[in-house]
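Here we start with a single chain on its own, the form predicted alone, put down as structure tokens.
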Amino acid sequence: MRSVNRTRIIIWTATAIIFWLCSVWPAAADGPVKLNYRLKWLFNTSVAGDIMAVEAGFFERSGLDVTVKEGGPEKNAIKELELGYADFGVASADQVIRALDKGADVVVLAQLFQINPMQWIYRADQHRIEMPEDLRGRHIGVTFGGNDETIMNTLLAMGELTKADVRMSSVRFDFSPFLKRKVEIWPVYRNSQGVILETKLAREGEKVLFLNPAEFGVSFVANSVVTSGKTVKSHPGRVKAFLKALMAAWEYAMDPANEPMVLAEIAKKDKGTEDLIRMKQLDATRELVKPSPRLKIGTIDTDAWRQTETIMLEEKQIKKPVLVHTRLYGFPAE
């Protein structure tokens, strides 16, 4: 009888070990693990690391077969995580916080941008903006309902200004109002539209400056890598393998020594952008993703996440505190 019980214990133990190995080991016995990774935007220089994770073999060497899918206005990585269409994705902090406010099970794995690329461009021949108070009386473009409006409202509050102290206009994808000087200060992503406009105006003999909210203490977090809490619990090894490969690819993509290969791979996917613009966009992306050589790409700025949540609460974009710091990978829950 004891022999039978001992045999059962051995079988149960072996079975438990097998199930555990299946959950934590990134690659299955029959081949690489197939995963879907949904980006926030289209293939361009701002997703250089995501592109190189596939093209330079970082995912493959980690035993992963990852399909990287473009994002866009109609794509939402967090919703796709919930529906099971994606295993990992990229989302901005405001998307994460709104989702948590609605009860979503989302976890932040890595923060891709240490400096938010959402900034404002204006001409250098205009009064320089050195403090929020300098926005008084200026004509500012914002995307009403977008996170740039939220950030601008925060800057105005810091300068003890109200919307009555400035003139705000709604912006679209058409840059004409800015180029024709109908709107002074225009919202751009510093490493994409910002580079395009800066280059265009430089060719016409005009210089520009950028209003970076982070310089005034507004650290509103941008794009980060996310997954579901269920995935973190059920497949910890898979999560670690994916994250390690992806961050290694981003480090590779941001290394100036690898620029020729990185630009060549980006050019295959972003054929509508000229070579000079792509090169400048990569330089700008490098400054936002890895502003310091010693800074590890993917580092999560917990204080910035807390501030982002506070700003959204003050702007009444969420109904209640969501304790976003407890949803940051590796950070202990309260």
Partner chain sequence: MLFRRIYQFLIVYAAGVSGLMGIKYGVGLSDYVIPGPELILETAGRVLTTYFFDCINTLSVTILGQLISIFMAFSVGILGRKSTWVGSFIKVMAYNIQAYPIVALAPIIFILLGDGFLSRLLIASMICYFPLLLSVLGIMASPVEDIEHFYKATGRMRWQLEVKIRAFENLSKLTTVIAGSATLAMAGTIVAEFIAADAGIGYSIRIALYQSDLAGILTALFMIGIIISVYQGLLETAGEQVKTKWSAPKGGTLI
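Positions refer to the first chain, counted from 1. What you are looking at is a predicted structure, and each value in this text was computed from that prediction instead of being measured.
Not on display, but discussed next: the form predicted in complex with its partner chain.
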Is T143 close enough to touch its partner chain in the model of the complex, meaning at least one heavy atom pair within 4.5 Å?
yes
Exercise: D165 in contact with its partner chain in the model of the complex, heavy atom 4.5 Å:
no
Within 4.5 Å, heavy atoms only: does G137 come near its partner chain in the model of the complex?
no
Report yes if any heavy atom of K79 sits within 4.5 Å of a heavy atom of its partner chain in the model of the complex; otherwise report no.
yes
Residue within 4.5 Å of its partner chain in the model of the complex by heavy atom, from L155, A99, V108, A245, is A99
Among V239, M118, L211, A104, just one has a heavy atom within 4.5 Å of its partner chain in the model of the complex, namely A104
Region of this chain that lies against its partner chain in the model of the complex, out of 110-118, 170-178, 251-259, 192-200 [heavy atom, 4.5 Å]:
170-178
